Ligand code: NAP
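Single chain ahead, by itself, as structure tokens, in the form predicted on its own.
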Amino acid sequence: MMYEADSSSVSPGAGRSQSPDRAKQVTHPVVALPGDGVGPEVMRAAMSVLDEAGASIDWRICDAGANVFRDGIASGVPDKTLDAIENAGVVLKGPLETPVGFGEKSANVTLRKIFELYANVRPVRALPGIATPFSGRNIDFVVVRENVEDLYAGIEHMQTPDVAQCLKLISRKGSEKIARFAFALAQAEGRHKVECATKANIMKLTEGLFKSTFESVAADFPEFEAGHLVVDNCAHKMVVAPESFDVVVTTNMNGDILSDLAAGLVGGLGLAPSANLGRQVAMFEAVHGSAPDIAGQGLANPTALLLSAVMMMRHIGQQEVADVVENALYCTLEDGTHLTADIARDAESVGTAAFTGAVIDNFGRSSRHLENRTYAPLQIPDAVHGPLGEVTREMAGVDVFIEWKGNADALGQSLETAVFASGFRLSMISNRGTKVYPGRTGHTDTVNHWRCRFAWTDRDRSCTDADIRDLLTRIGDIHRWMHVEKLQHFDGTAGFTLAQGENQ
């Protein structure tokens, strides 16, 4: 889907007289991805406002999303779009449709991963003229979400016909990069507190690695108050005391959920801007969906994409334009008579074009209730410590995952017979994370997916890959197995967890 920017339905207002001198600004290339549903409408509004405000931008309109999927491109992003982004380095993106539960990958995730847009930034600020249950609470914080790892690595397998697996990947390097980014952003915005939200109390290795890496990075920034919150407590606290937050940094799925919750505090996703930042490319986008039910009717609210565009203008160094647009938008919302239907409630609402025109008419005004924050240039940091150096490794055994329709006792007895004299001992079997063999099984409702833990018993020599292959051959002669995990100690610390009910 290609279109030319069209501002014919938008009144020029007083914007031209308030615009910065374009001759003094460097023209920056920006790829515009209008997207799907209401995307083209809100993109047209954002481009019109920026152009009227005097932004020096070389717009390059490209395609991604639903039309691309229909053309048979599984990623949702054609090569010519990827090339344009690589060349421009900056993207303003509308909402893209993503197939749910089937078919292609998310085009959004494709863009984040290909360009290593590892930092997702979601500002959360109460806006004037937007009435919510939290009005008057001075909400003003940022959720910083690691954007490429975690469960969103998208590595999934059907382990059996009835059991699916998704791998949760957390790296030390990825955790360090996003932690350092969070502190760098706090510095740029003049903030004072950075908190890390994880589920490390349950996922002690993955979320635990994120937590411990954050804490090591925090030691390099003693000027900031730093702390940790269990993510469910963080969600609770966002509702009962949202004004207490400043910067929250978290893993990918946690951040996805928390940032949407936070948007609800200040009016909803229709008002929520975001940035996806990496070292070479930055992508700014509204986080709301494509709303196909109102597409083409002139009813879409462009606020989220306008605020995202403000973030983009600061990123490319056109601060004056950013301030003009942000103030005008605040004033438009503050006036209360220029609200699109999704936030007008009982007030008279206007459509996309009239709302856009009102923003332009308000160029040069300043909000009576909300001041622009002061922003210093944000420097994207590198990882400093990186991966660990040489560590000692000791093989403790293996976990073998087996498909089996019988009961735990029958499986255990058959495996004990199969591995006799192999150097391995069956130490336990778990099902859905709970130990079911040997000993007490409780009331576990088992499925056909069993984790079978084999401990290496030969103290005269270390376990080798040849030993593991022999073990798998013995097991494979009588059972169907789907994957194996080595159980290792690194510098004497177990690199694996126990099952519920397993004591050693």
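Heads up: residue numbers just count along the shown sequence, starting at 1. Since the structure is predicted, the reported quantities are computational estimates derived from the model, not experimental observations.
Below: the form predicted in complex with the ligand, not depicted.
Shown alone here, Lys93 lies within 4.5 Å of the ligand in the model of the complex, counting heavy atoms only. Not displayed here, the ligand is approached by His288 to within 4.5 Å at the level of heavy atoms in the model of the complex. Although the partner is absent here, Glu97 lies within 4.5 Å of the ligand in the model of the complex, judged by heavy atoms. Remark: Asn301 counts among the residues lining the ligand in the model of the complex, judged by a heavy atom distance of 4.5 Å or less. Remark: of stretches 142 to 150, 184 to 192, 231 to 239, 291 to 299, the one touching the ligand in the model of the complex is 291 to 299 (heavy atom within 4.5 Å).
Asn108 is the sole member of Asn108, Asn327, Asn431, Asn252 with a non-hydrogen atom lying within 4.5 angstroms of the ligand in the model of the complex. Residues from 73 to 92 do not approach the ligand in the model of the complex: none has a non-hydrogen atom within 4.5 Å of it.
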